[in-house]
Structures are given as C-alpha cells and as structure tokens.
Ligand code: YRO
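Just one chain is shown here, as structure tokens, and it is the form predicted on its own.
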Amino acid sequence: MADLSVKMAGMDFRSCIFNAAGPKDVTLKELETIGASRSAAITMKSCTKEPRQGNEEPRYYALDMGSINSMGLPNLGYKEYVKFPSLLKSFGKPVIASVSGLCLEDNIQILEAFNDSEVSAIELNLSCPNIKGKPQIGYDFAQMDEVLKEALRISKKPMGVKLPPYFDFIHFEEASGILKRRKPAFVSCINSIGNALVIDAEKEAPVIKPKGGFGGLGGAYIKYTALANVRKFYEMIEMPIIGVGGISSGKDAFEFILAGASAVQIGTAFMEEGPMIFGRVHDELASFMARKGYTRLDDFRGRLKQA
C-alpha cells in the first residue's frame, strides 16, 4: 500500500492532499465538512482584520476546465478564525490559517493574535488578485521582502507564503532570493492567474461583475503554469513547496510531486465536486504510484527526467 504521508513545517499530514484557501472554507460548518473529509489538513479562508462581504455578485463562474472569480476575500474577520482551531481539534489533522491583511499593520495584528491560538501553521497570502485598489504584494519584490521580514519576526507559528504565478526567469530569481533570505516554513504556488476576462458571447458581457469582469483564472487552465512555478522554485530553493493550481486527479497530483512539490492543495475542483474529491484524488494517486512501483512520495519527488 502506498504511503502518502508527509512531514512538513513541523506538521504531520496523513496524506499529501488537502484544500486550498478559498473555496468552501469560510464558516465553521464548512471547515467541519473539510475536517470530516479525507483532506489531510483544514485550511481556513484567507482572513482580513475586519469581516468582509467581498465583491458584488456574480463573482464566481464555473468554466469547462476551471473557473474565474473575483470574490474579494469574503470572510468573517480574523477574530473568528482565531477561535476555530481549538474547535477543529477533534479531527486530528493540522489546521492552517490563511492571512491576507490589507496592509502590513493589519498582517502584524492578525499574526500576533494567531500566536496565542491553537492553529498549526499560517499561510501568508501575498497573492490575492481580486481586491479592488490593492496590488499583489508578490509582484512588488521590495514590499514582499519587507512584509516577509516583519511577518516572520512576529509569527511564533510555522509560517509559509502563498505566491502569485511568475512567468519570467528573472522573477523567479528575485523571489527566490527573498525566500532564501527570509526562510519561510514553506511556499505555496500558485494563486489564480489574475485579471483574466471571460465573455458570454450571447449576452455580449463578462460572466462576472466586479472589476469590469476581470478576475482570477483557476482550474485546469492554470495547471501548466503552476507546474512550472513548482519546478522552478524546487530548483532554486530548499524548502517545502505546496503545489496549487488545476489539480483534479491522482495523475495531476503525481505530476506536481514529480516536479518537486511536497504536497498539493485543491481549490477549483473542490468547489465543483465537493469534499469527496480528497479521497478520490488520494486513491488515484496511490493507484498510479503502485503501477509505477513507488511506495513513498520520496521515491519520485522532484525526480523529473529530461525530455
């Protein structure tokens, strides 16, 4: 039987497959549903200082091979998410907070609050593309360096960082230099590809309303960009990488781990299929590994061959 367990950032995961921050993880009830599933961890919604309703609707649209959204970080505010880890302990799996303050001061206040909580780790989101008037910090390398420096100084929990997609090798070099200098506990990549536009030809209008129809593209459309980001960071940094983007099958998960990921998160496919997806992808990955003769993830992690 294949062993899909992972030790990462001081946490033990029964499987390498769990939910990404974003879909169906806003309320305690939704988080309990994730806890009762075969997701290896419970990742909470990216939280801000104050509760947010998010952007106007329609703000999510399912596509043939993924989704476009401009949710705008709807969440209950960090004071609620600080309470949830202790209420989710009975599921016996790591609980990961996602922090997305709208400024450095907000992030510091939120991180200080989580220091006194029972959360297992924190994923600092520097890559949300759907906040009106707020650029992605992950594309401003000087600001990214400063935010990581201060956040890692404040946080007493294992803290990783969620990055936007990069498309040029010089950007990987800039980001990798910061990561090697600041040493977060892990890196999650990628967030959705920002500012895509999907048009309904019949209505002659965008399919979502916020930002004139511009939103984050997710699902299978971004899988190959996500794989490239995982691989490039695996080649350039020595820390655990969580692959995110377009994973909906065991074969997808296998490819991300082959590229160098320590674990994978599922977002759009979880939104569309529901919590059964975690068990399905786990079983498919185990079967794929068995066919290949692999018994552990380390048997093939990062061992991508040359064409």
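Residue indices: 1-based, along the sequence shown. No experiment lies behind these values; they were computed from the predicted model shown.
Unshown form predicted together with the ligand; subsequent notes refer to it.
The three residues 45, 71 and 125 all sit with a heavy atom within 4.5 Å of the ligand in the predicted bound form. Heavy atoms within 4.5 Å of the ligand in the predicted bound form belong, among the stretches 225-233, 153-161, 105-113, 184-192, to residues of 184-192. Though the partner is left out of this view, residue 129 does reach within 4.5 Å of the ligand in the predicted bound form, counting heavy atoms only.
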